[in-house]
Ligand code: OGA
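Next up: just one chain, as structure tokens, the form predicted on its own.
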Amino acid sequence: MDKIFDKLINSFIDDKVGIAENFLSTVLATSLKENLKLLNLENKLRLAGIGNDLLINQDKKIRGDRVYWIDRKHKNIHENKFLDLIDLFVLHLNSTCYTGITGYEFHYAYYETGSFYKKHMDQFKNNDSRQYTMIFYLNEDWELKDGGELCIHHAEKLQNISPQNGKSVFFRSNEVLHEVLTTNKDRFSITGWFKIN
């Protein structure tokens, strides 16, 4: 895994946005997607909010995804394998880049056809604990016509990243302005933040 971790970190250093293919194995990505689909069928997903607990707001004109927080308390084998991988990545980040990460939080994100998330930053205005954002995509056979790209607003250009299965994206939570473009079919992912508490 160290080679994939280093590829992600090096592309982040080069372009402020790290991208790595196959961070998640095909088997793990498929298992997590099936788990997310089951959670949706069981009506356990909740409309995502904008802001944190102190300033929460739900507005489908800004953000249309539904989420479910990943937690070891669920005792789900696939979630735990995912979190084991995150633990390894945090160790690698802290030992190679001296980031001082002390915690993290991740949730599933389900974008129904026609939904999107308008331009935003991930760090809260009243809480700077989120240091880095990381996204994992769970979409097999994704095509250009399917939309749903992550659009990064660099100072000098736009960068569109297709949400293809197993791909991961990594960037600073307080530096990178981004949005999720309208998806033309159901779109599945995991999003989270590495934190300094």
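Source: prediction; values computed, not measured. Numbering starts at 1 and runs along the sequence shown.
Keep in mind that the form predicted in complex with N-oxalylglycine (OGA) is missing from the display, and what follows is about it.
J.: According to a 4.5 angstroms non-hydrogen atom cut-off, is Arg66 in contact with N-oxalylglycine (OGA) in the predicted complex?
T.: No, Arg66 stays farther than 4.5 Å from N-oxalylglycine (OGA) in the predicted complex.
J.: Does any part of His120 reach within 4.5 Å of N-oxalylglycine (OGA) in the predicted complex? Heavy atoms only, please.
T.: Yes, His120 sits close enough to N-oxalylglycine (OGA) in the predicted complex that at least one of its heavy atoms falls within 4.5 Å.
J.: Is Trp193 one of the residues lying within 4.5 Å of N-oxalylglycine (OGA) in the predicted complex, judged by heavy atom distances?
T.: Yes, Trp193 sits close enough to N-oxalylglycine (OGA) in the predicted complex that at least one of its heavy atoms falls within 4.5 Å.
J.: Any of the heavy atoms of Phe82 lying within 4.5 Å of N-oxalylglycine (OGA) in the predicted complex?
T.: No, Phe82 stays farther than 4.5 Å from N-oxalylglycine (OGA) in the predicted complex.
J.: Quick one: in the predicted complex, does every one of Tyr137, Leu150 and Ser189 get a heavy atom within 4.5 Å of N-oxalylglycine (OGA)?
T.: Checked in the predicted complex: all three residues contact N-oxalylglycine (OGA).
J.: Does anything in 172 to 188 come within 4.5 Å of N-oxalylglycine (OGA) in the predicted complex by heavy atoms, and if so which residues, in order?
T.: The stretch touches the partner through His178, Val180, Arg187.
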